[in-house]
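In the block that follows, a single chain appears as structure tokens, in the form predicted on its own.
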């Protein structure tokens, strides 16, 4: 990336603006459509989806349950109904296939807020700030599970930003605006990717599912990399890029196997050399050793 240019500038020149933003546009469409599906019932009386992100029923047939909410419910000592169990199993299976943190980049509405903060940080070249350990989100996850077990209530759902958005859009945002604005300021002024990358317990939970997921991003053409660093600049989980991109000398395959990867596809968008592609964890052999077993990346 040349000085003064934004990540993906070369990709825009070589591929065109739409091709250099296609996954970003698809993600925004996905996030907005999901919000719309939940709002058509309360606002227009067209009940495609009933419920919220914690528990819903689609077309009066398909139950879907947030597995983290399901787990907290179990820890409170309450046994969920059969539909809740089926819904949690369906969601777990889906994210096991496509990648746990796909929720973070393709579903979660807070992603639009944190992406906006990241864009402004790049635009105004805001650097530095507080440093958080990426393990902090796992401590947050443990804390909300302990709260459920000790209080007998799902305390987290009272302040969960995702739940606040959906409740707020129907009943009025109220304090929800304050929580969302606080997350925006945290990411903009305090630390890069502070909420989603370091603190959010929901992302931590889905990263555990995603560690074994089948659909992955692969640096399949890493030999074409010209070290522009655009992928590193745009990636919300920058630590997952290097092992796949530069791991050949360490006998590591090109597939990003870390559960922290959100499968957002922005590395594909911004790469002018088309180094990255959507792939599977089964395509992780080195070219010179196709018969060898996959090389696993240790999650940071």
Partner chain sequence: MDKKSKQDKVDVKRRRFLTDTLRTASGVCLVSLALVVYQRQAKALPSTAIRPPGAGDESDFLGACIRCGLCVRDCPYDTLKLAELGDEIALGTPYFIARDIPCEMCEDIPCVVACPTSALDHELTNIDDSRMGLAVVVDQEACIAFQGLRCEVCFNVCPIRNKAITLDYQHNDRSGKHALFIPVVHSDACTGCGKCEQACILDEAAIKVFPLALAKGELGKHYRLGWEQQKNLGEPLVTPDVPHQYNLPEGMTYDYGGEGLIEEPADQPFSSNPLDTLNRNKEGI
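What you are looking at is a predicted structure, and each value in this text was computed from that prediction instead of being measured. Positions refer to the first chain, counted from 1.
One more form of this protein, predicted in complex with the partner chain, exists but is not displayed; see below.
- Though the partner is left out of this view, residue 223 does not reach within 4.5 Å of the partner chain in the model of the complex, counting heavy atoms only.
- Among residues of the shown chain, residue 182 is not one whose heavy atoms approach the partner chain to within 4.5 Å in the model of the complex.
- Residue contact with the partner chain in the model of the complex: residue 42 places a heavy atom within 4.5 Å of it.
- Interface residue remark: residue 79 is counted as part of the site for the partner chain in the model of the complex, having a heavy atom within 4.5 Å.
- The stretch in contact with the partner chain in the model of the complex, judged by heavy atoms within 4.5 Å, is 162-170, chosen from 162-170, 184-192, 109-117, 214-222.
- The contact residue chosen from 155, 98, 89, 149 relative to the partner chain in the model of the complex is 155, the criterion being a non-hydrogen atom within 4.5 angstroms.
- For the options 83, 126, 229, 208, the residue carrying a heavy atom within 4.5 angstroms of the partner chain in the model of the complex is 83.
- Remark: all three candidate residues (57, 133 and 143) come within 4.5 Å of the partner chain in the model of the complex, counting heavy atoms only.
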